[in-house]
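Below you'll find only one chain, the form predicted alone, shown as structure tokens.
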């Protein structure tokens, strides 16, 4: 994607020593002791922080944390995250008790060149989620420039992702740039053929996604619980499996529209079944057309996996969202593991550009030991899904306004 200003342009536009605000996503999981359980989002922020620090800017980090609903909630303070960020950076990171007003102004102006300060949770103010113009102006007041490096928050028109850009020169951070480049490679201008894997429990939560992808990819692999609904829509019994009976007509309509668009929908032709979704169950492999009334589908079968791998073999681009089965419990992780590992192997060989993200996808790919070999794995969740649905993301649009 083009049209946005980069950090290289910022270093040409903004004098050394200027205050730069960077919108990050510091909304990371903490344990009961306040330690960060998963630092992936912090790790992805480091390149932008280091580049700005080494260039001699004074840096203020903006972020939300949790859902305090416009109130100050001590357990949702960003202070512990600032400490974790300092450890990862290997340099001191100060902390300001507010993101606007005297506390923010004093903390930022007191910074030495190249120093970093995390500002308190933007959602402690109701103006953040309301994209309030006065609050956005207050956020911007101390700064000479604004950088958005939080794609995962880009689907929200909030003051720190949208309103602030009306007051400051705006630039794209390195992590945001990598995400946009990866998504453009997957859907904007992909090498064809393009295969998309969409898993998950329910069609009803992914109608927009299925509709957009069926008009933009060559093969659409449907797995997880939603595959059961498609099988039922074809007239097959799915036993006691998760199935959205109210969505059968919708599933049929999606299949008809996909055919019109020249998109092949790939459904599992066999399945791993068991009496219940519980630990200790033994998987039985049966045809998808012969599911017993007292059994449930918990994973795609080996024939289905072979079909998926054949589709990957002929593809140039892969988009992956959601597991193929109930990967949380063995042996119902087999299909996801096998298909993900095959995609990873093709990516390592340079035969496939593979982009994944959303929901349980990151956990499923990491469980399969395949995530690190994908071309790009997004941690953005909702923003990644909305991009795949073809929606305009306010935080991205603001970069090119």
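Numbering follows the first chain given and starts at 1. Please read all numbers here as calculations on a predicted model, not as lab measurements.
Beyond the structure shown, there is the form predicted in complex with a small molecule, which is absent from this document and is the topic of what follows.
Although the partner is absent from this view, residue 297 contacts the small molecule in the predicted complex, with a non-hydrogen atom inside 4.5 angstroms. Contact annotation: residue 206 falls within 4.5 Å of the small molecule in the predicted complex, judged by heavy atom distances. The small molecule is not shown here, but in the predicted complex it comes within 4.5 Å of a heavy atom of residue 228.
Remark: residue 190 does not count among the residues lining the small molecule in the predicted complex, judged by a heavy atom distance of 4.5 Å or less. Remark: of stretches 229-237, 194-202, 131-139, 178-186, the one touching the small molecule in the predicted complex is 194-202 (heavy atom within 4.5 Å).
Note on the partner interface in the predicted complex: the residue among 83, 328, 244, 98 having a heavy atom within 4.5 angstroms of the small molecule is 328.
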